[in-house]
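Let us start with two forms of the same protein chain, each given on its own as structure tokens and named structure 1 and structure 2.
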Structure 1
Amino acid sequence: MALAAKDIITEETPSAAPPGYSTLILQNRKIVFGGILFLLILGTALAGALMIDPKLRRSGSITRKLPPHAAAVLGTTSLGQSVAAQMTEAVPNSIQVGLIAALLGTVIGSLLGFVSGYFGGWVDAVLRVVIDVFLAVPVLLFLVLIAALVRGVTVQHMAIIIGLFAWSWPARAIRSQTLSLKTRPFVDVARISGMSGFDIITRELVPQMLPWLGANFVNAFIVAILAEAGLSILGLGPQREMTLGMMIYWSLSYGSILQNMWWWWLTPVVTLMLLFLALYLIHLGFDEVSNPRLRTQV
């Protein structure tokens, strides 16, 4: 007979207050290290923008094809631009694309995920098909289509186009998390306390899922920067502005690898890798904060 099996003796020793999210985040080595690296990259670019004459971004402003030297610390391009000067524009632009797109993607994805997961029923049935479809599709291709149509895209266009297609992973992740959270007793308590579905999502579920939303946001950030560079390499980037992707595009177009102009292609490539490393560490950290069981693993 399993009648008495439910009796669980709860421990009666009151413990300290649980650490808040801010503490958990500041104590997480991955988040701190990733954050510092990220700020370092952005900070260097912003400081560089103050120190380097923006005119050096224009073609023909400096001797062509020079390796790193005093006048251009990161060398010059085949078109006579300073690579360092280009970087001061490219890094903030790429981060801007990531931020806007990730924000859009996470907001749309959260909306769909919460509604689908919490309310269930036919809304969920429809949304689930939509989410599944967008998950299975190589989204880069839709981006290719749009970017090919919009002539003269700007950095902001890129960000919005990418963001509009960056919601499927967050939506899926948030939906499944909502499904598991909504069966928890505190949701029942909220319901009998007169909270509406909207109240419960915003005031009960969202706070519980903050680190989870953070992890999704950072993930969308990574995907967006990846997509920007991918689109740019395909020749669909903002032709008149500089992003890390566009720097790679131009350097490849002018055969910088063959001409051994390593400074030209290597600079954006290394910066992208560092940026990914920083964001990926932050992502892992948020994952740990939202799922304490992960903390013990490597």
Structure 2
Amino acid sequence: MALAAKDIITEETPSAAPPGYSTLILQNRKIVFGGILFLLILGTALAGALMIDPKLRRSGSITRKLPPHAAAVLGTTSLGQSVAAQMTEAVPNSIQVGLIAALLGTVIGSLLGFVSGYFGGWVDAVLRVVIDVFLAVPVLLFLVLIAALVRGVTVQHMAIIIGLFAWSWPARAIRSQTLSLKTRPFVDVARISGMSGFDIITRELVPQMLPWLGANFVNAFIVAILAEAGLSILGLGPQREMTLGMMIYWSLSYGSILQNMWWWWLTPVVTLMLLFLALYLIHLGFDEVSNPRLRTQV
């Protein structure tokens, strides 16, 4: 039976995961503050969904063009819809887009990056060409083109479209890190112990890269939410479902700025800014945890 690499590693070999990683995360103020802000935004939307009648999202369900007041906390649209009711749908949908796209991009990028960097040879040559081609692709142009061609796009479709273009940068970065890690003594020990290439990747290399993968996931989350908002503002979002981008699109389409209905467009814009702030703080925190040179106070 093959021995696990960690069973015969010397003291000079790094452990499979950074010591005290979970502790460093909990002690990092940026991660804690960003996480609290993110959960507060999501929790408010989910709690609102339980308290606000979903019928108020329909046109003509309430008096039109009301500014924020006691009966309509966030005001109403020119179509007679509650802005607060729309937010209870838009926030979870936008977060869903970011989550699916970031997960898809990170998984694909990690798989290709680890395989390319570890196995090398013709596998690396082929995958490196594929990665370089996708890096050279004008992503925004292709996102606009695909979103325009897909009929009846849904939130899930939008997330997959964005995720399929989110893997190339992490793939290149992970490949570079893998080329360095596979020359370390603990990988040599793993080979000698009889571990296969994929076992070494999953049991030895992936744990070493977890902090960086976490930071990349959050960064991809940010990019996906902003990409969805940009496509939706251009009119290429899910027409039958509400997201933060689609709220901005409909408010601009019905002249909310010209009618001085500031609550209609400002609410989703401020929410997007707060989401970006929360996720960016989490991203910075993961950078500090994974990079000792950035770890000033965590």
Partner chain sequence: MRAYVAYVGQRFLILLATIILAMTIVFLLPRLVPGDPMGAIMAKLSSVGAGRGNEALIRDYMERFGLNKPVWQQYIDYLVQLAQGNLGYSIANFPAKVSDLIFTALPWTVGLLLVTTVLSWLIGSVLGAVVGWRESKSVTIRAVVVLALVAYTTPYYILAILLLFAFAFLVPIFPLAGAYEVGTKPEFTFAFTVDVLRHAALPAMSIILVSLGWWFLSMRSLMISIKGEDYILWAEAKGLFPRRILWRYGFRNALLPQATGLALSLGYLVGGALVTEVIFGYPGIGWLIFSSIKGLDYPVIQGSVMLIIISVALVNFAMDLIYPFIDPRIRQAQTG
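Residues are numbered by position in structure 1's sequence, first residue being 1. Between two forms, the rigid core is the largest collection of C-alphas that superpose within 1.5 Å. All of these numbers come straight from a predicted model, not from anything done at the bench.
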Matching structure (the form predicted on its own), either 1 or 2: 2
Threshold 2 Å Cα movement between structures 1 and 2 for P207, core superposed: no
After fitting the core, V137 CA displacement of 2 Å or more between structures 1 and 2: yes
